[in-house]
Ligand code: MLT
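Taking the form predicted alone, here's one chain by itself in structure tokens.
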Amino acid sequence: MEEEVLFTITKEHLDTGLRGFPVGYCTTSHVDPQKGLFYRGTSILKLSTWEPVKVIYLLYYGKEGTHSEITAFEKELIKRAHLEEKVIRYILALPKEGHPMDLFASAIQIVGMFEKNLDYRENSLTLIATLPHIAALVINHHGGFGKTPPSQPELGYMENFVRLLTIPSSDKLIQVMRLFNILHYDHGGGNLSTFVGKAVGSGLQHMYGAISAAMNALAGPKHGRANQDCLEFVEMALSDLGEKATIVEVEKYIRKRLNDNKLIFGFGHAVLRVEDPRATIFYDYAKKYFPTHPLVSIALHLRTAGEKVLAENPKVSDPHANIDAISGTVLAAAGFHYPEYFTLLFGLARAVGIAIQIVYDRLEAREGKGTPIVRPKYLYKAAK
């Protein structure tokens, strides 16, 4: 029998973003403060060596698929992975002036306008299948990188995505994109983008509208745009200190920024009390494949010095590096040096987990009745 957890809500809990209050169940993933992220009970460290479709199968069905099951699942995604030409034309008509996430959220909404079958389970599969094409169209269009070639999903989930990008490619870039994708699929149910997507879905908005809303939530600098900010911070440190900067110089640099009340990007986590295992995976990858890259060298020094300095502050509960501290650096080292699109890459991955969570909320929760519409209570407070 599950233990009943009771909360007494006091005035101090108000206007705090619902932080820490349980409101439902997440069946796809959870974050252990000491062990990190798990998808369906399997650690992200193990999953980082899998192929994307195998991980998506685990998230979707809740179990590790056999070879034949994964093959059949991949064929199903391939069958659904093509966008109609009129849909592509509308996406390419979007204005380029906004942030790429504005276009990405709008493109997903456009795809939903032409979806005739508004079934959550069906839509989740079709959306997952078409996400690489949608993301590539937006990046190529917004960046002026050239015409997007026809989609070839049979090449592989992320192999096709990288090929769709009309920028110089390499096997290393495919590997890094695959790793980035897997590490960002899901992260519990309470992060802002996931909660927003589930909340919009609770009003019975269709899957595409809910995911579009989730991507708008992800776009903010306190959420998904952190990886862009972190790379810019690493680049600034490299510019200020030079390629031959020592760990001592980097430590002095961090202390000076803190003394000047300037931000240090890439440290801390809402749940974890150890270094984010996803960050550790990327740091190990960077050391193995890009050990002499200037950005990697500075990022590694920032990792060590930042943790040392922040650990001295008793008010800092988690002084360790998070995934944003290194993911953008690895993308840049692999040849994708376009930080304005890092949040979109995050969204390309996270939309997978959010869509699967919405399926649970709408079709499986409460013995199939689904969750009711989100409707928290706000107390009236007269303006001063």
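The structure presented is a predicted model; accordingly, all values stated were derived computationally and were not measured. The first residue of the sequence shown is number 1, and the count goes up from there.
One more form of this protein should be noted, the form predicted together with ligand MLT, which is absent from this view; the next part is about it.
Visitor: Work out which of H133, R303, H142, R278 lies within 4.5 Å of ligand MLT in the model of the complex, going by heavy atoms.
Guide: Result of the distance check: R278.
Visitor: Of the residues H206, R121, H223, H82, which one places a heavy atom within 4.5 Å of ligand MLT in the model of the complex?
Guide: Result of the distance check: H223.
Visitor: Would L310 sit within 4.5 Å of ligand MLT in the model of the complex, counting heavy atoms only?
Guide: Looking in the model of the complex, residue contacts with ligand MLT do not include L310, since no heavy atom lies within 4.5 Å.
Visitor: Classify H187 as contacting or not contacting ligand MLT in the model of the complex by the rule of any non-hydrogen atom within 4.5 angstroms, answering yes or no.
Guide: Because a heavy atom of H187 falls inside 4.5 Å of ligand MLT in the model of the complex, the answer is yes.
Visitor: Using heavy atoms and a 4.5 Å limit, would one call H269 a contact residue for ligand MLT in the model of the complex?
Guide: Yes, contact at 4.5 Å.
Visitor: Given that the partner is absent here, does R350 sit within 4.5 Å of ligand MLT in the model of the complex, heavy atoms only?
Guide: Within the cut-off, so yes.
Visitor: Determine which one of 243-251, 228-236, 104-112, 187-195 lies within 4.5 Å of ligand MLT in the model of the complex, judging by heavy atom distances; exactly one does.
Guide: Residues of 187-195 come within 4.5 Å of the partner.
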